[in-house]
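Below sits a lone chain in structure tokens, taken as the form predicted on its own.
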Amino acid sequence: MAIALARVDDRLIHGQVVIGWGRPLDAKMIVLVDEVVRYSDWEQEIYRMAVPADMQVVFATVQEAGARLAEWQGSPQQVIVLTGDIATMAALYSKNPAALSSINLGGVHHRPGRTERLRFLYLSPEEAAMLNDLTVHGAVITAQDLPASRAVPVAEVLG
């Protein structure tokens, strides 16, 4: 499987993604799916600075990424697909559920309206409903901040 990780992390590209996940997975590409970052040269440059030279970064909208999921799934390279929120991952999942059958919740932090589920995972009722809907449609979702941590099944997270 070339899409080695489909992750929701509101910090987007940072050390935990690049070093914590990228190295153990031998990822050669990060696809950052974000409607704002896709059109911001300044933000793209900042995120590229966090990535080693041998790792490619692709910035895409949901529509653009959705059109390329099968390509990345068939790639000989290990790919990380990254979104900053659950709604974006849900929209992307709807484009090609088979390519994103497993989803990792890695960092959804505190904001008004969210309640703590794990130390790195806070959810609003709407986000919890989206996760439940994704599981009903076949997604396997776990919360896991680092590869060495226990993968907590979403059913346990949602209680």
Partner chain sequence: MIWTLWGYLAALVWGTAVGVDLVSFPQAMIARPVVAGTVAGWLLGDPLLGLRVGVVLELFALDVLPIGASRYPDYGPATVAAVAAGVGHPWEWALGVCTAVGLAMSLVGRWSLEQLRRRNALAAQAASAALSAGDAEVVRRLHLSALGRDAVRSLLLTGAGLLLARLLGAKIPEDPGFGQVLSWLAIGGAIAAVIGGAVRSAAHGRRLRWLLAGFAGSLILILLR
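Numbering follows the first chain given and starts at 1. No experiment lies behind these values; they were computed from the predicted model shown.
Separately, the form predicted together with the partner chain exists; it is not shown, and the next lines address it.
Asks: Check for me: heavy atom within 4.5 Å of the partner chain in the predicted complex, for each of Gln16, Ile19 and Arg23, yes or no.
Replies: Per the other structure, all of Gln16, Ile19 and Arg23 touch the partner chain.
Asks: When the partner chain is placed as it is in the predicted complex, which of 90 to 98, 62 to 70, 23 to 31, 128 to 136 ends up with heavy atoms within 4.5 Å of it?
Replies: Stretch with heavy atoms near the partner: 23 to 31.
Asks: In the predicted complex, is there a heavy atom of the partner chain that lies within 4.5 Å of any heavy atom of Leu146, even though the partner is absent here?
Replies: Flag for Leu146 set to yes.
Asks: Judged by heavy atom distances of 4.5 Å or less, which residues of 119 to 134 approach the partner chain in the predicted complex?
Replies: If the 4.5 Å heavy-atom criterion is applied to the partner chain in the predicted complex, 119 to 134 yields only Arg119.
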